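This document starts with one chain, in the form predicted on its own, laid out as structure tokens.
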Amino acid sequence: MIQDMRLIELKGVCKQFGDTEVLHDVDLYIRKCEFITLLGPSGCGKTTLLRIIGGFEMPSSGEVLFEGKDMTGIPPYKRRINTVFQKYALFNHLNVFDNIAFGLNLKTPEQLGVHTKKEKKDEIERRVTRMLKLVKMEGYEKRSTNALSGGQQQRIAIARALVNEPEVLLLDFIYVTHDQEEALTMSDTIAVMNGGRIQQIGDPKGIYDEPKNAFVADFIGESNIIPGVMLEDDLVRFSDTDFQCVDEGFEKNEPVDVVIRPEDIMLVGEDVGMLTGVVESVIFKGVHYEMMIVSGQFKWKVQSTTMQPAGTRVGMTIVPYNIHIMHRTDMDHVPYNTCVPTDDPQEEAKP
């Protein structure tokens, strides 16, 4: 059933520019009516992947299928895909109306579902007017694109792509709001990329709650990532303390990475906390306070609706469900949240 819904499928796609491999063995599928986001740092391969789907680059190896058919060698204008690039690629010598209508003007009347040149002109007028209304740019038809703000240019670029009624719309630019927040809010599916590879793919909640590795945990939202040891199923040790968790399938005494989200740490009295520490700093963020708490050799980021002033000694409690265990990975790009060691035993974790 899911297989039948697949519109685009990438199988083992690799791309090299000279000796540099920018995509490595990428497997990905996009289903009909799905909003999928490629999320990752600059240089991770997102744009190259979009260009391959759009037909602007050919893969060095692998397959790109559209409804099960190989698209290799098919030029962009023959694909039912439109791309909006970071620079928008608007035609400065054309006004807003003519920019949106550009692709339609290249089609025959029959391709637009009409029969005469007069009907074609009317159909173009109808479609462009509808797109201007959709992107809330009515009245800008005769305006030069040079006179538009960046946001307005972005909307015209989207309108120009949508007016051709593509099966797939590829958007290669960053939204005005924080990209990770935008991705979590808008997407049906997120593919997190790094170093030319897809690190994890899934629905936003699944990726946020169950990151596969430290890179994903650190890149999607905010995290406390610390080293630990999986003593046995459902029992992990970190910060010199044993914690019950809900993770299984690890080797006994296996070194692991532990992820705990700032909002999942409960502040309690110093005498009843699983960990104890001292509040180093407090920032008010509207719906919650963000506190940095020093406990032993680690700084914990804690988000709570209850504020504890800087200098206050507090206890911290974490329920098993909110402790996420990951296999140890290369952490060069995601430093553990260590701080300067202290000799004060009151700031160490409780044994």
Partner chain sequence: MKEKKSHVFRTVWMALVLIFLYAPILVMIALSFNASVSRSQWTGFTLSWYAQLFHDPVILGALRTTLEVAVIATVVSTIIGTLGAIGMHSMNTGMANALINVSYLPMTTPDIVTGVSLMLMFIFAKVPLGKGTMIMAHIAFDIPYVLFSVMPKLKQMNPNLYEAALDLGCLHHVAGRLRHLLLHVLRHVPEPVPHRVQLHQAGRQAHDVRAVHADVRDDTAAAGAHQQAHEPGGTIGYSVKSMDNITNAQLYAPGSAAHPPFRGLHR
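Numbering follows the first chain given and starts at 1. Computed from a predicted model, the values in this text were never measured in an experiment.
This protein has a second form, the form predicted together with its partner chain, left out of what is shown; the following refers to that one.
- Residue in contact with its partner chain in the predicted complex (any heavy atom within 4.5 Å), chosen from 202, 103, 227, 109: 103.
- Residue 82 is the only one of 82, 213, 276, 194 with a heavy atom lying within 4.5 Å of its partner chain in the predicted complex.
- At a distance of at most 4.5 angstroms from its partner chain in the predicted complex, all three residues 91, 146 and 160 contribute at least one non-hydrogen atom.
- This chain is displayed without its partner chain, yet in the predicted complex the stretch 50-58 from 283-291, 50-58, 33-41, 63-71 comes within 4.5 Å of it by heavy atoms.
- For the chain shown alone, residue 255 is not a contact residue for its partner chain in the predicted complex, no non-hydrogen atom being within 4.5 angstroms.
- Though the partner is left out of this view, residue 87 does reach within 4.5 Å of its partner chain in the predicted complex, counting heavy atoms only.
- Not displayed here, its partner chain is kept clear of residue 206 by more than 4.5 Å at the level of heavy atoms in the predicted complex.
- Shown alone here, residue 189 lies farther than 4.5 Å from its partner chain in the predicted complex, counting heavy atoms only.
- Residues of 240-275 placing a heavy atom within 4.5 Å of its partner chain in the predicted complex: none.
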